[in-house]
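What follows is one chain in structure tokens, specifically the form predicted on its own.
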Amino acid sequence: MHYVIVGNSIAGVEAALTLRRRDASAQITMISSESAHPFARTAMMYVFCGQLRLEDTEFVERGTLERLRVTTLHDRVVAVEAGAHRVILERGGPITYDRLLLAVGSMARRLTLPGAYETGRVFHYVTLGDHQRLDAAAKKGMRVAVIGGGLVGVEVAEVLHARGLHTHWLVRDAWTWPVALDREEAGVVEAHVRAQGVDVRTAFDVEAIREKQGSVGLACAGDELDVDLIVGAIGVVPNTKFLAGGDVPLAEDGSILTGDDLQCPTARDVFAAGDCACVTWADGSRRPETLWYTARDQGRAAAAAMLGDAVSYRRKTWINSAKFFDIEYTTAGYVPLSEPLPRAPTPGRWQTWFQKLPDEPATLRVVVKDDRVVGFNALGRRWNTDVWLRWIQERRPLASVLAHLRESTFDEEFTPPFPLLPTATLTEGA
């Protein structure tokens, strides 16, 4: 049996490890055009800041795949011929397979602004190539505009500011990261980032990019901002352009259509996992999950399906965490989106408990449905999400969660407990 895996990030690597663990005699080939060695994209920002080397971000020891008899090819797949069970390489010849896993990840969503790419000054920060191009261009003292109010936007603003560039963080929405933060939480982030010296501008909807003498201008409702570089950070799209019009079915957003077993329904023996796979969410919608741990889980599940197991992939209770400008962000469970991107919660009585600490950029939001805690959103402190997930599973009431809140502190030895203050609010609605 010959298993071919396209992509060597966490989904592809976990699939290869699972396949080898279960099938000692299989032939396994892994193909990647981005990097000869697997590395964590989530850690590239620390390479940009000079805190790590790229090899420090490699999450499997060099030589591991070779010891497990996984053949690795540094090449680009330009087409998949599912009917013939083969992939076409850019430099090498065609490779036939018995089972194929597409774990090709995502790439930056391009700006659609007039004049954006005519200037040669627009960059992105998703892939290793993006990192290398921006790393070569960004020089201390330059003026840079980061367009995009989400997690990638704030992380890029942080690393550029750390390098010594005069950084403007431009957010089209009324506040930053509206898919994860409400207005008050975002206000805490914005105030903290401004205090570090970054120019944060919300409700700044760039209308056009104009090349000027030695710089570029960003126009917004009569205002204009002159900078030397622009970084587009408005999200990601599946890295599947090479599949368009071929045998592998794609959703409208470019993600690879899969069944619950992560196999393509109309392309026999082709599977997908990670940022490029269209999977079912808890609310029934189908779209990619662009998280490290879900890519890991999908890689394992896809490998099990390739081996013939009955697989029905569903993500477990939502968790995520990040850190930017020394602010910890942690979320767990169900935290409905608020305006300006509303998503109506399911029927029931919803309440939100919220507290902001007065002397540090720290908040805690607890979402309650029908008198049971269903979600947490936190800034500024580190929390043990395993404890939060257990409380959600136990259907604990708010009073019990608050009474035992200290038990979920991650680093109690170094951080005082999150205080419960009389300024905390309990409001109706999610």
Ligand SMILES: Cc1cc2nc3c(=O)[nH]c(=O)nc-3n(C[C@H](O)[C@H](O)[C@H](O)COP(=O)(O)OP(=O)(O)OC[C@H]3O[C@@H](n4cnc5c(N)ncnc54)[C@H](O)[C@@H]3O)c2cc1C
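From 1 onward, residues are counted along the sequence shown. Remember, it's a predicted structure, so these values are computed and weren't measured experimentally.
The following text describes the form predicted together with the named molecule, which does not appear among the structures shown.
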| property | result |
| --- | --- |
| Partner proximity in the model of the complex: W350 to the named molecule, non-hydrogen atom cutoff 4.5 Å | no |
| Proximity of E184 to the named molecule in the model of the complex, heavy atoms at 4.5 Å | no |
| Contact flag, W292 vs the named molecule in the model of the complex, heavy atom cut 4.5 Å | yes |
| Partner proximity in the model of the complex: N320 to the named molecule, non-hydrogen atom cutoff 4.5 Å | yes |
| In the model of the complex, the one of S33, T363, T57, T29 near the named molecule [non-hydrogen atom within 4.5 angstroms] | S33 |
| The named molecule: the contacting residue among S106, T72, T330, Q355 in the model of the complex [heavy atom, 4.5 Å] | S106 |
| Stretch from 245-253, 300-308, 121-129, 225-233 whose residues place a heavy atom within 4.5 Å of the named molecule in the model of the complex | 121-129 |
| Heavy atom contacts to the named molecule in the model of the complex at 4.5 Å, residues of 58-77 in sequence order | D75, R76, V77 |
